[in-house]
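Just one chain is shown here, as structure tokens, and it is the form predicted on its own.
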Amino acid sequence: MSVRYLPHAPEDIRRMLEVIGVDSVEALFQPIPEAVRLKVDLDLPPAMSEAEVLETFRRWASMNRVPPEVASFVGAGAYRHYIPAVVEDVVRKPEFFTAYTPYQPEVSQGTLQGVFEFQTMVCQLTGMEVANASMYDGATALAEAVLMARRIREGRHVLVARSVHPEYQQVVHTYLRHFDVSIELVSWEPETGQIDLDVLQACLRDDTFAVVVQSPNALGIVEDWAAVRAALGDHPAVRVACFTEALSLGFLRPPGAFGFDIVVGEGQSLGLPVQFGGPHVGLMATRMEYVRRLPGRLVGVAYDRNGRRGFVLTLAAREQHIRREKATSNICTNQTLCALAVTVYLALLGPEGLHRLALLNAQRAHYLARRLEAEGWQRPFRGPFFNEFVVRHPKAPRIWEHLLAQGIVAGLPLHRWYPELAQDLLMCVTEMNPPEEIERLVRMASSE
């Protein structure tokens, strides 16, 4: 990446000051109170040439110490998947570096087309009719979905499955804390780990305006969308489906096929790396009848009088975002660069490649589950799972620490989310966990 540097010679500065009518650069700072102005020069090292800068960075880089490779079996909302080199190659192109909202279509056709293709692919993944031009991440997408549901149907009560990712729940609580809305959690069935449909029906109220269910849920369990939809019956609450592992949509039937109204989730696993909590990209799709309630941006196709196709922003006036409580949403930007990475990744794999990759994930996860069960571990929830599952062992906390010392991160200890699951680990297996790594985990876990 190169950065342009445009220095101004003294003569350039003099002419610029003449045009704006001031005597000196210092005069430009007159509006700043004297008491807060800097009186001394910044304590900076002397300027260096380009060659000296590069040598300095090489010297610093040589100080890095790369630790042994860590075998990670952690998912829980952020998933390690192989990212083909072409994804990074495309998103590193200079024209995408400042992928901000393209208000001027005449100079932004490439970016707009990329966003349009992203929306199309999100619709295909979720089984919905229209998608927006990305959200910040899965958690804020879910919170925005609940606010969108409130715009669709008035009410003061939301039902959220307790098996929705707990950190997503926290973001929803944060968004709704200033609204006169109560959030009620619906427990899971102790045997399957799926949402308890009897409890769900019992909790429905006349003023319930949204029901939120995640699949695969925070326990890795795949929900029965048909059963959830049937349990809700004719209740007018907006049905919101959520996911954290987008790759599961390459393997499972999408929520849109079961009549859900809004589908949201995290797209990180589709071409974005796991590094220090980001980057992420939120996916959000809905039915066409609710398109004017959809937050964020929407890119559409238009044709001029000569029949030439062009891509334009639609249904998202720039002015709406400064209308405070009257705005559809106060989301003022999006994750265009991350959305582009997702688009390139999905285009590269295609439907068949995505399905085969998802199948490989499921097969390896089920293999590890069987191997651990053969070694005395229990699987407390018998519901179906994709590439994440919960295992239980009386010595689970000690075994987890032992494996960590051996360079194996054996999943996520669930007590941090659910105190009653103190002996449980949430393990995830992807294509990044080869068979020999799985066998090493089983061997080391059995030796403790």
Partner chain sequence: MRDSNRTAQHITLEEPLLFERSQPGRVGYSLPPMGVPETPVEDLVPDHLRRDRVEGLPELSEFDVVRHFNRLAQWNYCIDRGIYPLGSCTMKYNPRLNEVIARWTAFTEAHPYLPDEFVQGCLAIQWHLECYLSEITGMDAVTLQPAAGAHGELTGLLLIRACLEDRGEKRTRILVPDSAHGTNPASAALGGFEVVHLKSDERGLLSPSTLRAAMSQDVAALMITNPNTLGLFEEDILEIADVLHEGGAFLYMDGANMNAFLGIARPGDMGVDVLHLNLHKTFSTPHGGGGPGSGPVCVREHLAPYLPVPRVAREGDRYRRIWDSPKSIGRVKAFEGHFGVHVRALAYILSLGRDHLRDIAVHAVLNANYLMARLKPYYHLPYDRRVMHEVVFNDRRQNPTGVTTMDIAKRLIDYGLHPPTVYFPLIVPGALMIEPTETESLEELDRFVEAMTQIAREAAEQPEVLRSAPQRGAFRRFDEVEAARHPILRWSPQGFPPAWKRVSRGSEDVPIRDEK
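Residue numbers count along the first chain shown, from 1. Just so we're clear, the structure is a prediction, and the values are computed from it rather than from any experiment. We call the rigid core the largest set of C-alpha positions that still match within 1.5 Å between the two forms.
Same protein, other form: the form predicted in complex with the partner chain, not shown, and the subject of what follows.
Since only the chain is shown here, I'm wondering whether residue 415 would be in contact with the partner chain in the model of the complex (any heavy atom pair within 4.5 Å).
No, residue 415 sits far enough from the partner chain in the model of the complex that none of its heavy atoms falls within 4.5 Å.
Are any of the heavy atoms in residue 185 no more than 4.5 Å from a heavy atom of the partner chain in the model of the complex?
The answer is no: residue 185 has no heavy atom within 4.5 Å of the partner chain.
Taking any heavy atom pair closer than or equal to 4.5 Å as contact, tell me whether residue 224 reaches the partner chain in the model of the complex.
Within the cut-off, so yes.
Wondering, does residue 298 line up within 4.5 Å of the partner chain in the model of the complex on heavy atoms?
Taking the distances in the model of the complex, the answer for residue 298 is yes, it comes within 4.5 Å of the partner chain.
Tell me which stretch of 185-193, 156-164, 202-210, 304-312 has a heavy atom within 4.5 angstroms of the partner chain in the model of the complex.
It is 304-312 that comes within 4.5 Å of the partner.
Give me the residue from 242, 218, 125, 149 that has a heavy atom within 4.5 Å of the partner chain in the model of the complex.
Checking each option against the partner chain in the model of the complex, the one that comes within 4.5 Å is 125.
Looking at the partner chain in the model of the complex, which residues in 166-192 have at least one heavy atom within 4.5 Å of it?
Contacts from 166-192: 167, 168, 170, 171, 174, 175, 177, 178, 179.
Given a core-based superposition, decide whether the C-alpha of residue 439 shifts by 2 Å or more between the shown form and the other one.
Residue 439 C-alpha, core-superposed: shift of less than 2 Å.
After core superposition, I'd like to know whether residue 419 moves between the shown form and the other one (criterion: C-alpha shift of 2 angstroms or more).
No; residue 419 is a residue whose C-alpha shifts by less than 2 Å between the shown form and the other one when the cores are overlaid.
For residue 307, state whether the C-alpha moves by 2 Å or more between the shown form and the other one after rigid core superposition.
The answer is yes, as the C-alpha of residue 307 shifts between the shown form and the other one by 2 Å or more after core alignment.
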